[in-house]
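Just one chain is shown here, as structure tokens, and it is the form predicted on its own.
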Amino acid sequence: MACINAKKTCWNCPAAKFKGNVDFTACGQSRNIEAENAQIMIECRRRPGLGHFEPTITFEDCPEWEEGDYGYMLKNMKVMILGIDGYLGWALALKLGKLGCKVSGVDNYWRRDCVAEKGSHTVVPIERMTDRLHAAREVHGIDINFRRIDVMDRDKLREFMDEVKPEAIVHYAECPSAPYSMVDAKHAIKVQENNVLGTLGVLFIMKDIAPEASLIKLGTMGEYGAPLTGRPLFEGIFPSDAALEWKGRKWSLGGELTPRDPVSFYHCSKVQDTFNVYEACKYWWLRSYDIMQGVIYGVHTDEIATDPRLKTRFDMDEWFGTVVNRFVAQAVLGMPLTIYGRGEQIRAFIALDDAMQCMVRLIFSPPEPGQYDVVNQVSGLFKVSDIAEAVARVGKEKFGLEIKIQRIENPRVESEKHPLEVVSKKLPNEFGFEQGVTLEKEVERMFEVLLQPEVKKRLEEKKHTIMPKTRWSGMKKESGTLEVYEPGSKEKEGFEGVLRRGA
């Protein structure tokens, strides 16, 4: 599986610059070239001595591509990470740098500011960016080219992108919080302005500066919602054999974008991103993977575990503390694990280390020019109540913690009991992804980190920021308690999630 991208060709390579009589006016979802006598020819930026040639050399046969643990990798690949200071951006920067990529990145520290606005902080202490960069160089020998830039500042971003000439761009520079987007008009507008207009600006800059680079764009499984019909959540685009039947007539849906049902103003911004990126690939023959990602949890990658100065952030407040991370923090604090409403909501999840593996595989296996593709980045489906049970079980068995579970009024507007069937075939079958971390293993690692005296002290300082006060209805009040119960005392009921990974 390591060489799964071996047969990809110059057609996929970001070093290939198109030449010849090519009319790129066809839909960007295929390489239909409609001009008469069209001939696809390229120049290679890395091997100019080859002149003009047809893009048929495979990664396996090209000396610029080297075999590694994640398939073939373009030597010294230039990867730019937008949002490099964040939970995911920093972990990915270290992994890519350790693999030999030339990593650059931008950030404006908005995540740090938003968490501070809530009155919280990352409970795993992180260094200032200057100290992080120094530690990465000292520990791993990684030189990261960093600039403090807001993606909304298109002039500065354009200048930096022109300097770097990236071959892949990872877009993490968006606000990732549904609750933050639901606080009030100011917060909702800020999230949509940053996420939608920021991404649109990135696309225009790519068109002018780096049209051959692949855009690896972070979406979210929350774009799809949770269809009450139980309709499968395909990977962004209907498969070729999908069909619509109505009043005795039948139409193919193959190749069309699947329906979206966003569950907050944040998720609405991600849906708009989907359409903007899709259209940019169609109009300008950009190439992109849109990552519909499950909820990420955890603290561990091999690179960030090497030195305390390389830790990535860990949030547990109501705005930015995702559910698994929040449950472990509550357990360490001796608080009941708070589930919203019935706790029957089913969500998709993936551990931090596995998510980083997925991203690396996608970066090293670029799509074709004009191709917009979607992957569902998921390793498991769990009910919120089952997540609470798992955290309580690990906390008691491994660390002797007595933990209770508390149902509280749901601050969100959502169905609390629903089916969920997710298709996630591309990452394991086309890109070679193999899950390496179970939920229980990563929860155990999280307890080990959060029970450290320094980290536990930081948890205690900000425990007041955990309980939800932001309601989708616009009311400002803390959710009341519905029930407190012992782990293991409830009978299983309702639906179970279905994850389709087979070929």
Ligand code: USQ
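Worth saying up front: this structure is predicted, and the values here are computed from it rather than measured. Residue positions are given as counts along the sequence shown, with the first one as 1.
One more form of this protein, predicted in complex with the named molecule, exists but is not displayed; see below.
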Quiz item: Is there a non-hydrogen atom of T322 within 4.5 angstroms of a non-hydrogen atom of the named molecule in the model of the complex?
Solution: yes
Quiz prompt | Contact test in the model of the complex: E414 vs the named molecule, heavy atoms, 4.5 Å | solution = yes
Quiz item: Would C358 count as a contact of the named molecule in the model of the complex, using a 4.5 angstroms cut-off between non-hydrogen atoms?
Solution: no
Quiz item: Might H267 be said to contact the named molecule in the model of the complex, defining contact as any heavy atom within 4.5 Å?
Solution: yes
Quiz item: Just one of I339, L286, M182, V164 has a heavy atom within 4.5 Å of the named molecule in the model of the complex. Which one?
Solution: I339
Self-check item: Of L157, A210, A178, A280, the one that lies within 4.5 Å of the named molecule in the model of the complex (heavy atoms)
Solution: A178
Self-check item: Segment assignment from 406-414, 350-358, 131-139, 241-249: heavy atom within 4.5 Å of the named molecule in the model of the complex
Solution: 406-414
Quiz item: Which residues, if any, of 190-223 lie within 4.5 Å of the named molecule in the model of the complex when only heavy atoms count?
Solution: T220, M221, G222
